[in-house]
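Here are two versions of the same chain, shown separately as structure tokens and labelled structure 1 and structure 2.
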Structure 1
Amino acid sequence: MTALIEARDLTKKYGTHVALDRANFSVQAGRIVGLIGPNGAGKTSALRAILGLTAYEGHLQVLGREPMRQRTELMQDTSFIADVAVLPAWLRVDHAIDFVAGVHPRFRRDRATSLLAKTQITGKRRMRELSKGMKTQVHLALTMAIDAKLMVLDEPTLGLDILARSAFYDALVNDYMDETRTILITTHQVEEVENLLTDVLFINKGRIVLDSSLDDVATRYAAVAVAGDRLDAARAEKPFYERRMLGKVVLYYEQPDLQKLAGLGEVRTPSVADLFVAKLSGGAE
């Protein structure tokens, strides 16, 4: 099966600054992929390249198209929120719906209006009159009403309160996601999306440091919390990262010998957030 997104040696330079440094990754159809990295790691550059918003070097195909040259065709099948709160201040909610319905062949107006009906937002209001959270809700309603094969979300819930965030992710998984769709999402709130992701892409300093399904993460990585007296034995098993927590030391292993580890302490699969910290702090190269 061919990948929905295929990037080989994807490079993006801003003057002398290299934002993406020969990054290689692919995204398969039907997955929910989290693109996770610290600030300045190249997340936004990668998304901008995928969405045809910026020129790049290297090979990149999204839905079989070259994003920069074929952005218009690509946007028939792709929806995105590249950063929140970018709906213009002068735009009225009902006009926004009219406009997208007018220009987008895959926009389902009824879905947008029913999503908005669940909020306090009325049609005649302009974006400048809405709170940041409400603006985001409008944007999400517009985006989720597009029958897209690929949805790209860059920090989609920034500025939303906890209730709205959880409502958004529920809607995304229950009402939107199905086997025909693929979602690529970046967020700083890793814990929040951990349960819905099927795959993770860790990016650091412009390079992909981990490209894995969460199922594989469970078999490939292990974390063991070890008491001080067993630390030397645990270190002998070559952990790639360790951190001190509440008097114990948690050690992280790749391709571990689980039987040996079990004798040292409590073995568990690291959470995405923990693995992220471990991978990026522990000299993942």
Structure 2
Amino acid sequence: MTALIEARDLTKKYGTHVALDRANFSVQAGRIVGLIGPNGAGKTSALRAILGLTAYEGHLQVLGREPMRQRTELMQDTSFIADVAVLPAWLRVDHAIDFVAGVHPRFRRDRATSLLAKTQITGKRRMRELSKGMKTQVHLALTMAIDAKLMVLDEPTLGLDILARSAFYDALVNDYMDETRTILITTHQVEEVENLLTDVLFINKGRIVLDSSLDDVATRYAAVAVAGDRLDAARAEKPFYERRMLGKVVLYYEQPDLQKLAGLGEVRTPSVADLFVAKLSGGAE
């Protein structure tokens, strides 16, 4: 199957600083992919390259197109929410709908109106009158009303309270996502999105540390909470990372022998957040 996004040796430099260092990854259609990394890891540079907003070195294909050379065609099938609200304070909500309807051929006015009808936001309100959560709802309604194959979200819930974040992701999954669409999302609130994700991309220092589906994560990695008297035996199985928690030591393994580990302690599949810390702290290639 041809990947919706295919990157090989993707490199981006800002002077002497290397933001993306020969990054290799792929994204299949119909997936919800979390691009996860610490500040300065290269997440935004990767998104900007995918959206055709910055030049790069290496090979990059998005929806069968080269983003920099074919950006106009690419954006017909792509929608994007940045981490910073860009709608001007004086703009009315209904005028924002009019504007997007006038510039994007695949915008569905009826869908945007239907989505906003589920909120307390009326068309005559101006952006300066809305809370940050409401502004995000407007952005989401405008973006979800575009019939796009790829949606890119860069820290879309930054600064929102927990109720607003929950409402955002509920709308995203229940009102937008289907098997024909793909979502690529960056976020620091990993715990809130990991139940939504089908795949994860871990990035650190411009390189991809992990490119995996969550189904593969469940079979490829294991975490074991071990008491002190079994610690030497557990370390003999060559974990790639360990940390102390509540009086026990939790050890992380790749390609584990589950039968051996079961005799050493409590075995579980690590959460995305825990695996991220483990890979970047002890298991980064």
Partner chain sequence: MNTMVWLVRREFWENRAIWMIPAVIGGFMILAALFGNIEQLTIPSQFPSRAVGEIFMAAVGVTFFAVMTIYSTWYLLECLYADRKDRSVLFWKSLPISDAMTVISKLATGLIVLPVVYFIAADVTTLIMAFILSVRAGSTVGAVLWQADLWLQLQVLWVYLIVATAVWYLPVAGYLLVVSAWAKRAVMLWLILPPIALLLAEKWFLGTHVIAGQLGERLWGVGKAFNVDPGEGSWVTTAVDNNTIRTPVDVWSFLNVSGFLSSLDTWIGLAVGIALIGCAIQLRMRRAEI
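Between two forms, the rigid core is defined as the largest C-alpha subset superposing within 1.5 Å. Only a predicted model underlies this, so the values are computations on that prediction, with no experimental measurement involved. Throughout, residue numbering runs from 1 along the sequence of structure 1.
Shown second, as structure 2, is the form predicted alone. Shown in the overlay between the two structures, fitted on the rigid core, is a CA shift at S212 smaller than 2 Å. Relative to the superposed core, S166 shifts its CA atom by less than 2 Å between the two structures. Taking the rigid core as fixed, one finds a CA shift for T119 of 2 Å or more between the two structures.
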